[in-house]
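Subsequent text provides structure tokens for two forms of one protein chain, presented individually as structure 1 and structure 2.
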Structure 1
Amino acid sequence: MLWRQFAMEWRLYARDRVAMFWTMAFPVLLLLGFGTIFRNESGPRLSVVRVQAQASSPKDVALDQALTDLHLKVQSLSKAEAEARWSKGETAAQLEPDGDGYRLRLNSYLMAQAGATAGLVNQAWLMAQARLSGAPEPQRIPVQVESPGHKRSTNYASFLLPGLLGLNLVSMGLFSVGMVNVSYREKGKFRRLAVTPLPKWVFLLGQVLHRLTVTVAQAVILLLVGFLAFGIQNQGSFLDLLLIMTLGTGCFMAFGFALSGFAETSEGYAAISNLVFFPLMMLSGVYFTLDAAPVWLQHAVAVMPLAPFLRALRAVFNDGGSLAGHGLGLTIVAAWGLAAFLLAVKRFRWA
């Protein structure tokens, strides 16, 4: 009976080709898109616009050489061209002659790039001065790029991939489970089932098993594309990965069931779920970290379920770590899942 319910869920799901395609393709497209944009392993190359002086002095030549030595991309433009580019907002940092020396203008909208560029430009200037005066060049501290788990080969795509796996779970729980349940209740599909002797748990379990297998299929496709396109490999054990994914799926599906108890209509549910979805996505480190956020917000985020889930997932997937150090984080996820489950049981209605 359960098998039949499960098989029918899959059969009907497979008929909705558009929905199925996008469920499977959207995370893949995100991975391919962002992964390609930020393909360069050392991050995007920094560039500076150099406003040409009337006549190049030896100082200018030495500075240009030093900038190139530091791997900065230098674009030499006339004053008019440089000003035009600056007005369009495309320039992050612009180096221009100022009396005897130089001045560096930084774009206040692009401070992440501009700040890093400013450091390099100043370093280049020190190098150029030393070279001109024949003094020994200032020494540089060697730099080493590596992930939190001491792997060197991780790029942005492999940071992104576990985030996308997490995103899949959350959207599966909130939208495919929660939304679908509200619409079933609204349209009376549950009522029609309620007058049959089918045990309700069979229907719900069939649904849950279907979503679970969809999630697995999504994950497999994403991992495969990650491997083929970017050579990303799971660095940890697949068993740990499965364990974390199962815990996460359970937690976020319970979220969906719980939230569906609070909305009368699909429209109402859309509002409620976005209220949960966006803070969860924005604040939980799927796309960026929260180092610059106020401390209270960082604490708040740490006890939300997605952040510890992703940290554990990345530790295993990217760094080949074990789950041992993530007991607290996984307990937080499990606690949220349990709380959501209890709330779901309390609030769930068939009609």
Structure 2
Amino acid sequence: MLWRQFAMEWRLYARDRVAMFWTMAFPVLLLLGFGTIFRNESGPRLSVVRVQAQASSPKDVALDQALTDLHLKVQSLSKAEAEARWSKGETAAQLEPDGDGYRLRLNSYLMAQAGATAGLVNQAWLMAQARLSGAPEPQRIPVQVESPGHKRSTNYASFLLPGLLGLNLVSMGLFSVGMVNVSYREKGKFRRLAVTPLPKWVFLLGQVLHRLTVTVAQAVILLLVGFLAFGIQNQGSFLDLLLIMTLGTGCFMAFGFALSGFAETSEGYAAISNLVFFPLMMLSGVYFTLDAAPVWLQHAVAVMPLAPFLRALRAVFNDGGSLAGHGLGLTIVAAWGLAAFLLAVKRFRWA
């Protein structure tokens, strides 16, 4: 009976070819888009707007040379041109003469770029002062870019790809599974199923198994595109990767079933599911980490199911690690999945 339910779910899914296409294509487009934007392994080159002095001095020449040595892109503009650019919000950092020295203005809306630029500008100024005085230049600490598992970072897409895999599971569970079940109830399909000998757990588990195979297909396509377009490869065990993906699929599918039991209409479910989806998407490390967030928020996110799932997934995929050391995180994911499945079975009704 379970096998027949699984096969029926696939037949129903294959009928909607547009939905099936975009389910597979959308994460690929995200990967290609972000991966292309941040393809340069050293990241976008930092730049500073340099306001031209009325008369260039040896100090200005030494500073300009030091900025060039640190690979900063210097855009030399007149004061009027620089101010016009600043007023449009197009400048992250602006270096301008101030008496016998300089002043550095940082755009508060672009602090990620401006902060890194400020560090290099100050370092360039120390180098320029040393050259002007004939003193030895300050020694810079060598920088090595690598992942936490000591693999050399090659592309932001390497970080993004596991995040997209996790996000696919969440969106599949909340929107594909949950919304479909609410729609079935609205249209009276469940009432017709209620008069059949189909147990609730067979119906629910059949959908979970179907979505599991869909997510495996999504993962294979993403991995293939990542390898062909950006040279991204799984650094760890494919078996460990499959185990993590299976656990995550079961967890987030159960979320969709559980939430669908609290909504009577598709509109109501859309509000409920978005209330869960957006915090998971924004706070769990799909696109960026929360290292700078308050400690209490980091602790709160750690017990949400997507965050430990992504940590384990990236440890295997990006760093070639094993599941050892991620027992607690995977237990959290499993506990969320079990609780959600039990709630889904309890709340599920045919009418």
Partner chain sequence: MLTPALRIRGLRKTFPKVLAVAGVDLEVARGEVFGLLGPNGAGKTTTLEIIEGLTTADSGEIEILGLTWAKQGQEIRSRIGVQLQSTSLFNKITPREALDLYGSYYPKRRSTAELLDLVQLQEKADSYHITLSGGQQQRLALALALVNDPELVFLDEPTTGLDPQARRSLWDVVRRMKGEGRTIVLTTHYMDEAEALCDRLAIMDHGKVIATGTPASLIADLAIPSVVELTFDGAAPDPAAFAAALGQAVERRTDLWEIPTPDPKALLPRLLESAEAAAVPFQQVHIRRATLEDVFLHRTGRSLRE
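Note that the structure is a prediction, hence the values are computed from the model and not measured. So that the term is clear: the rigid core is the largest set of C-alpha atoms that superpose within 1.5 Å between two forms. Numbering runs along the sequence of structure 1, starting at 1.
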* Structure fact -> Between structures 1 and 2, the form predicted alone corresponds to structure 2
* To do: If you could, name the hinge position out of L241, S176, A25, P97 for the rigid-part rotation between the two structures?
  => A25
* Asked: If the larger rigid part is held fixed, how many degrees does the smaller one turn between the two structures?
  -> 11
* To do: Keeping the rigid core fixed, work out how far the Cα of A14 travels between the two structures, to one decimal in Å.
  => 2.8
